[in-house]
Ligand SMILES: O=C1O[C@H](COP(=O)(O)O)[C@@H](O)[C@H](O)[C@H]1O
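Okay, so here's just one chain, in structure tokens, the form predicted on its own.
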């Protein structure tokens, strides 16, 4: 599958370009269906993108936002992706959007899975846009090498849209949207920054099993992917 690589000079330019890409997808879905949903990734990389997207002139009251994946921590934790979204995206005009986090007060992702699934049902599906990240090990979402539910999460024909994930390098227990849900988005982007990530991407584009570098499952899917990278 032919993907589009957008090489930007810095993170500010990347944030602007990616915000335009996502805003266009949301606007197109709202024009068609009246509502639109967006799934974003957490971590350190998307902060500037969140800030940029929050300034876009969209009918945010018609937009639902969730996460691609989440660490199973409370929102008071600095490791919480939901906390990051609330601080940097759900502000200004975008404060009118509806946010559905992926973690709750249950002790484990397994125990909280049903309630999260129920909450997600209130969003407009399929997603209008999804923005993925990529770790140095080639993971994306919570598709970690060695993950206990990795095969299920990467199954293109899998029936489950949400899975818990425990992996040696994941730190906390995780919860993640599955590959079919992400591939079903109208617009799918991969957001990566830093010179060190470029060789990781090049390696992922080469041969080798997806279980070793799970981002390969996205890169090899029969759908276009917009890759945004800056040094």
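If you're wondering where the values come from, they're calculated on a predicted model, not measured in any experiment. Numbering follows the first chain given and starts at 1.
One more form of this protein should be noted, the form predicted together with this ligand, which is absent from this view; the next part is about it.
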{"query": "The unique member of 180, 164, 64, 42 whose heavy atoms fall within 4.5 Å of this ligand in the predicted complex", "finding": "42"}
{"query": "In the predicted complex, segment of 34-42, 55-63, 180-188, 198-206 with a heavy atom within 4.5 Å of this ligand", "finding": "34-42"}
{"query": "4.5 Å heavy atom contact, residue 174 and this ligand in the predicted complex", "finding": "yes"}
{"query": "Partner proximity in the predicted complex: residue 133 to this ligand, non-hydrogen atom cutoff 4.5 Å", "finding": "yes"}
{"query": "Residues of 68-101 having any heavy atom within 4.5 Å of this ligand in the predicted complex, listed in sequence order", "finding": "69, 71, 81"}
